[in-house]
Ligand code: AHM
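Presented as structure tokens, the chain that follows is alone, the form predicted on its own.
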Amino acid sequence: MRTLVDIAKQLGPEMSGLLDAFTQAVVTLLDEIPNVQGTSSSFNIYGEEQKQLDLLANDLLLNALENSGCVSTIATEELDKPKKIAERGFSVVIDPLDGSSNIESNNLMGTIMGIYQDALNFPVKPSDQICALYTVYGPSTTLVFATRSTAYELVLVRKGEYKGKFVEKKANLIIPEKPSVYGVGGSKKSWLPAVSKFVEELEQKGLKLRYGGSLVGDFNQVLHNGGVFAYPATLDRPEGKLRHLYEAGPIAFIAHAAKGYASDGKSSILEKPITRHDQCTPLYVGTTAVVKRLEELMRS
């Protein structure tokens, strides 16, 4: 039975060390989730009020990765700017707690992480990542890990020989070509006409609506069932809402490893330059043919 650390060995011993530290932070976070509720008195750089659990997740991951000795730079949604911690090592970008608006309702949340080989010098492209992952904190805790060519699903074991480790559940994940689910964020009244037409077509084809308020949960539906998740450009936010560095970039990397496609509505998210750490982007991700159809509608 292979663990996340075993799979990461293909990328070198330092990557194994980094992901072992990440796993330990996740285990601690899971133990704390039931005990930490409510908002803080602080706001992040996007003007969003931070939850107590946002800050705890951020601190746990920062401390674990900094102490791993494998990281030179860490950038997270909760920091004002990327944090330089060493001269050499990987650069790590993190959404520490994706879906934190779901805390009180006890719906899906997770963590998203992308890893770059060298220093985080802008501009960068998501295709420069060497691997990416996300966790889903649900009935079981799962993790999807992707190299440039392969996506894996793992599950966290909570007792027995592999207690506290992510073990392989499935290798070579591929997004199904036949779509069955879709989810689109933003207010319907603010959608662009092309997005409205796109959704109409999806519904006419019988796709089922699945939208839960966390990128990891919504994309996980698409990864397993085929279809599309979108947080689109809108009339009031033409640049989109999702963070290019912390959210869209890693998810796009994983989608491509699973033989899917991610777009900003015009072209590939993987090749879209990130010029600053707080940059936002529209995101349409999932089964390749479905996302390509969206691009056609956006051009017409």
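Residue positions are given as counts along the sequence shown, with the first one as 1. Note that this is a predicted model, so its numbers are computed, not measured.
Omitted from view is the form predicted in complex with this ligand, to which the following refers.
Residues placing heavy atoms within 4.5 Å of this ligand in the model of the complex fall in a single listed stretch, namely 95-103, out of 123-131, 202-210, 151-159, 95-103. For the options A258, L242, L65, A233, the one in contact with this ligand in the model of the complex, meaning a heavy atom within 4.5 Å, is L242. Contact annotation: T135 falls outside 4.5 Å of this ligand in the model of the complex, judged by heavy atom distances. Under a 4.5 angstroms non-hydrogen atom cutoff, this ligand in the model of the complex has L215 among its neighbouring residues. Although the partner is absent here, D264 sits far enough away that none of its heavy atoms falls within 4.5 Å of this ligand in the model of the complex. At least one heavy atom of F229 is located within 4.5 Å of this ligand in the model of the complex. Using a 4.5 Å cut-off on any heavy atom, none of the residues of 137-153 reaches this ligand in the model of the complex.
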